[in-house]
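Heads up, the chain below is alone and in the form predicted on its own; it's given as structure tokens.
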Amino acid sequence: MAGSGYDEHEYDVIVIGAGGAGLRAAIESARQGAKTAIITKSLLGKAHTVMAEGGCAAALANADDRDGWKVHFHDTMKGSKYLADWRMAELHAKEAPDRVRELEQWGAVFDRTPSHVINQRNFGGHTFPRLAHVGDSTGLEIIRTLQERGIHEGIDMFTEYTVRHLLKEGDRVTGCVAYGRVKGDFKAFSAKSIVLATGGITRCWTVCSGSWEYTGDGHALALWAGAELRDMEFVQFHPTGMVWPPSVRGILVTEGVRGEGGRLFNNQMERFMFEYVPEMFRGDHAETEAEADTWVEEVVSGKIATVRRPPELLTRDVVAKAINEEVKAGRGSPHGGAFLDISHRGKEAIQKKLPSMYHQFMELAGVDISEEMMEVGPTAHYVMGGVRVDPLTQESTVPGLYACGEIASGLHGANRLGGNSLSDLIVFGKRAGEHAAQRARNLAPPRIDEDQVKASIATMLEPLQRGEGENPGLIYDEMRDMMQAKVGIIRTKEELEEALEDLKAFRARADACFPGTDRRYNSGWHQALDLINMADISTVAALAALTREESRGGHTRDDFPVPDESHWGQHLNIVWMEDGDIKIRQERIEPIRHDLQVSLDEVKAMIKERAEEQGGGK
């Protein structure tokens, strides 16, 4: 224990976050010989990687030998509305198969085909069946595998500690300060490299699939440390979250339900998605129910699909907006969503392919999905934006600070394809850990700056010392409700401007709240601190959304409904903090490398030819 009331620890590499990205980064760092620690806000196994139920996208070509990295690259770029960093999309498509096979070698038990290779299922936006899966518990199996592997790599673990401050020396990071969520104790860490793997920000919205951890901690740490963020206007509202009962509102309903043939209906029992196929997807998807049903029958029989995909498997932004439109038009389900039906698959197939979903609805909603339809609606699920990183190394614009997984931006652009998140974690988690460790080899251990540590601890203790003030829980609930109403799935200039003013008021209220005086087991204190990062990151998202005057992917402006290819199709929003103020600028996208453009054109021609062969391609 240091004299100022905190413990000191020294490491080469510190990974903040213990989800799939953090675990994979720590494993790779330790394998490179770096002394490595993981600091996690929650417990092992609690990460949001577990929520990725449908599968892990990788062009293994087990379900269709026409698949390959070029097709996966094309699908990722197309799904991103061509705002993805093409270098990251290339690396991801090329390296994902090896990372999946590596998991298999480490003990991951994927579902198998009759010929004993990894089975792959269809998912929205993917040309071929590409998602390696374990029923509908893929993320859970990946976390289990990585945790078991990590045990043998000599990684130190600090569970239930929240990092609130990054230490710096000049421009580079040199460590961090954290507090214990159980006892309220403090720890200061020195590190040659730090990897942020803290996940997303979706707890900033009322209806979300994320649990209490997802309060934008890592995004705020990076912003406060001087790193740049990009694409923060792009928030993915997953089309299918539970909407009833209220206690489970927002809990994810995996896209695997639609991947296994699930059909969406409005309250007039119409399969409404046929009315919402965008022009850019015409020819890719079935245009009649007969075509869609033929496809479903072929998937059930285990054959390769020979007709176009059903419109339920359009990209997530399209499906979420369609459900939203049906509800607005009065054609929604009784509790403000749509109906999702998988009962035609039969109980045996559902319990085999979707066991978690069967159990989830039976236990939480009293619904037997083998006999009844589910009620589902959009839920804030994933932020495409995050820390701007180097595509090869995952280093941010701050030396020594790396990011991987959902907190990092670049791979997904304006919209993430389902299944790409899990392969993102393992591809770029490995790269972040590898390069963080390589950087650490050439550096002397940095010293812990006592003045910075004391200032950080004083800031953390401030809410406990106010003596009076508002309950932080009330501010927390009201701010999330405001974000849901004004920075939700559909946005306007007027509401976004109001949101920015509201957030200033919420930040002032957060700075004056009082959670009580005890540091032990005080969730109100934790919430009072979380409010600060939530207010700043909500401001970043709202400002980016206000600035982008068009609709694209996960960002829909009701007052600018048409994509603007002349400007916004060529530019990104870059956000940073300067002297406590959040700034924004536009930056032009670098043109795609020639050979990759040739690959895109080849795949487009192949898909067009395939659609024409299937009859009626446009």
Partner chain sequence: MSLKGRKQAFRVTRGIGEGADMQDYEIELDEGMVVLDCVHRIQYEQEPELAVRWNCKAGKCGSCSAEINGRPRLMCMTRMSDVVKETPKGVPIEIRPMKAFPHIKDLVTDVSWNYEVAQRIAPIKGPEEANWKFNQTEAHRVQHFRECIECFLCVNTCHVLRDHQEFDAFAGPRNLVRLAQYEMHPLDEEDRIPEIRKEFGVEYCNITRCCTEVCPAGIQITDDAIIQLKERVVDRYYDPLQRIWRVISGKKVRM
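Numbering follows the first chain given and starts at 1. All of these numbers come straight from a predicted model, not from anything done at the bench.
The same protein also has a form predicted in complex with the partner chain, omitted here; what follows describes it.
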Site check 459, 484 and 607: each within 4.5 Å of the partner chain in the predicted bound form by heavy atom: no
Contact of residue 277 with the partner chain in the predicted bound form (heavy atom, 4.5 Å): no
Non-hydrogen atom contact residue 53 with the partner chain in the predicted bound form at 4.5 angstroms: yes
Proximity of residue 477 to the partner chain in the predicted bound form, heavy atoms at 4.5 Å: yes
Partner proximity in the predicted bound form: residue 110 to the partner chain, non-hydrogen atom cutoff 4.5 Å: yes
Segment that reaches the partner chain in the predicted bound form - one of 364-372, 71-79, 420-428, 436-444, heavy atoms within 4.5 Å: 364-372
Answer option from 336, 346, 399, 473, heavy atom within 4.5 Å of the partner chain in the predicted bound form: 473
Residue among 291, 95, 228, 213 with a heavy atom within 4.5 Å of the partner chain in the predicted bound form: 213
Residues of 496-524 having any heavy atom within 4.5 Å of the partner chain in the predicted bound form, listed in sequence order: 515, 516, 517, 518, 520, 521, 522, 523, 524
